[in-house]
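One chain comes next, on its own, written out as structure tokens in the form predicted on its own.
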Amino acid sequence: MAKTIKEINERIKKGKAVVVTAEEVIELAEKKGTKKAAQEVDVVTTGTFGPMCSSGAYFNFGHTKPRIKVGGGTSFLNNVPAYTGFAAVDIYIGATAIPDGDPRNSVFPGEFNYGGGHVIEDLVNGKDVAFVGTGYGTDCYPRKHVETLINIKDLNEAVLFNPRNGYQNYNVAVNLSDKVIYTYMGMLQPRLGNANYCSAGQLSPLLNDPLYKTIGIGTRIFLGGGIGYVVWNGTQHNPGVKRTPGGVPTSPAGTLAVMGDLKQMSPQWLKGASFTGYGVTLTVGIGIPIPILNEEILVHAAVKDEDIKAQVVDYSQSYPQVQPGSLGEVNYSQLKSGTIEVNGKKINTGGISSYAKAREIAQSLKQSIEKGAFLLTEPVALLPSADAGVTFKLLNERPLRKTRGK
């Protein structure tokens, strides 16, 4: 018999909801069958913790005396530039922002050790951050310069807003060239010296709801240790890729745009990170509850690592124009075993997301729901689904034309 989110929330309020993690539901489905398990289970919790470059935060730091308009000016947080193209005292800092210069030419081998992701972590950690802002001066905003320390508790608003998080599956990165290359997937050794991947596999949120039956705009989630929401499909959302008969995509597919109150969050689940030769990013913890409304949703939520396949991609040549299957595909059980075989060669694998932390998030979310501290939400709209087709395109580069001074 089908259930509704409203009915599940009533069970949560009464302390009667049956909540299991995406790991636990696998064993339950195998033991009792999917039909019986769907009747018994109300919620399956998921989790992922990995570098998510398309992340950032916006702040309103409050008006100065006299007032300043940094909109159109400049702003820096601990020497890291923030975007000012808003109103007078609103700014946005991206996770990958770095101090001026090329990180590959830094004194340290390969990268700056500090950037936007670290600024966000420091703020969440309650640390004072140096703020420098400039404006061009107007009649209503005459001040042109401000330098001060800011603290998250003193900001009017501090909001984590991430345009692309929670990728649904991803590439396995290798290097066929004769030299080491440095990528956002980590350092790749030459001649198939290693293989890096980045997904929690059977715990990953969108892999447990592959056809977006329950996750949509307005879905309440665990975000950075606090409560957040899915606010749109993420950038590069690409649902029309090849899928297994069970609906699981075999290459990068869906993504989420998420946001939440930064003041609620924890540095345990938002951490700045630095990749040699690439730059900085933010490691984000996300957990999403999946309401088990029927047997079909439970079948999807009981997906196993061996049922999730990923493309092996040569990052020295093929990326981003990936030829699916050109180097084969492997499943997450093989990846997590520590070795895979590519072109007849056994190579070591490494995950740049943390499965152990993903498990902690799923458990934490489970406990919050069981205590009645976290209720589920009805999506106000669903995400573009698999029948939307392939929507992600590469840039069509065209020569610029003069529009002035003819």
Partner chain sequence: MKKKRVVLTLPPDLIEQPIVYNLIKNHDLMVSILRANITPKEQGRLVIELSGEKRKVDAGMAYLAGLEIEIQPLAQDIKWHEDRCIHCTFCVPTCPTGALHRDEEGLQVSFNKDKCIACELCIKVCPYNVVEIQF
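Positions refer to the first chain, counted from 1. Not measured: the values here are computed from a predicted model.
What comes next is about the form predicted together with the partner chain, which is not displayed.
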| property | result |
| --- | --- |
| Region of this chain that lies against the partner chain in the model of the complex, out of 158-166, 207-215, 70-78, 186-194 [heavy atom, 4.5 Å] | 186-194 |
| Residue contact check: residue 248 to the partner chain in the model of the complex, 4.5 Å heavy atom | no |
| Interface membership of residue 357, the partner chain in the model of the complex, 4.5 Å heavy atom rule | yes |
| Touches the partner chain in the model of the complex: residue 275 (any heavy atom, 4.5 Å) | yes |
| In the model of the complex, residue 59 touching the partner chain (heavy atom, 4.5 Å) | no |
| In the model of the complex, the one of 377, 54, 353, 39 near the partner chain [non-hydrogen atom within 4.5 angstroms] | 353 |
